[in-house]
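First, one chain by itself: the form predicted alone, in structure tokens.
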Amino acid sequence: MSLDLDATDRAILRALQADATLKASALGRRLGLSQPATWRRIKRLTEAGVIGTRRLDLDLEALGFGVTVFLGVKLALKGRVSLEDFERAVVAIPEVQTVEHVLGLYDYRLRVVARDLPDFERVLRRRIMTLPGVGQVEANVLLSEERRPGPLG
């Protein structure tokens, strides 16, 4: 289902993307809309699936997780271990923040956080390399990150 978005819808989405905690009343004041009109638009966008789950963005470094590593994981024998078995096992590892099934050189891309490099090595050796079907793994340590909003036009 494709939803036609007008300039006000896009303004609401940009504002909520920057701060998902904004209440409809504050957002309405910012955009020159009443609270009920803003709430109806947010409800319509949510029901259409344009707005998904609202999440809390934690500062991982402040919580003691100073290292982020992206792992490319190629499964060794796809026939013997199902993708579901690998996925079920990998999502149970608390340090794994995202699991993406991708097309390309690797089968999966993982975002892993750790307290420091020795902690990452522990997670890699004891948790990730022991997962069912894991073959080749490539690690890329995150040096910096710039977050950009999506293409709202």
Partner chain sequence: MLDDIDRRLLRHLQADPAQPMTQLAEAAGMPLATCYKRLDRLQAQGVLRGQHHTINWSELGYGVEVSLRLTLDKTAPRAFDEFLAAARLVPEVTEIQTFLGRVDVRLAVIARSMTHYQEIYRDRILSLPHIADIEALMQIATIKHQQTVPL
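All of these numbers come straight from a predicted model, not from anything done at the bench. Residue numbers count along the first chain shown, from 1.
The form predicted together with its partner chain exists for this protein as well; it is not shown, and the discussion that follows is about that form.
Asker: So its partner chain isn't shown here. In the predicted bound form, which residue out of Pro36, Gly32, Gly52, Pro118 has a non-hydrogen atom within 4.5 Å of it?
Answerer: After the contact test, the surviving option is Gly52.
Asker: Classify Ala48 as contacting or not contacting its partner chain in the predicted bound form by the rule of any non-hydrogen atom within 4.5 angstroms, answering yes or no.
Answerer: The answer is yes: Ala48 has a heavy atom within 4.5 Å of its partner chain.
Asker: Even though its partner chain is not shown here, does Leu3 get within 4.5 Å of it in the predicted bound form, heavy atoms only?
Answerer: It does: once its partner chain is placed as it appears in the predicted bound form, Leu3 has a heavy atom within 4.5 Å of it.
Asker: Taking heavy atoms only, is Leu27 within 4.5 angstroms of its partner chain in the predicted bound form?
Answerer: Flag for Leu27 set to no.
Asker: Counting only non-hydrogen atoms and a 4.5 angstroms cut-off, does Leu124 reach its partner chain in the predicted bound form?
Answerer: No - in the predicted bound form, heavy atoms of Leu124 and its partner chain never come within 4.5 Å of each other.
Asker: Within 12-26, which residues come within 4.5 Å of its partner chain in the predicted bound form, counting heavy atoms only?
Answerer: Those in contact are Leu13, Leu16, Gln17, Ala18, Asp19, Ala20, Thr21.
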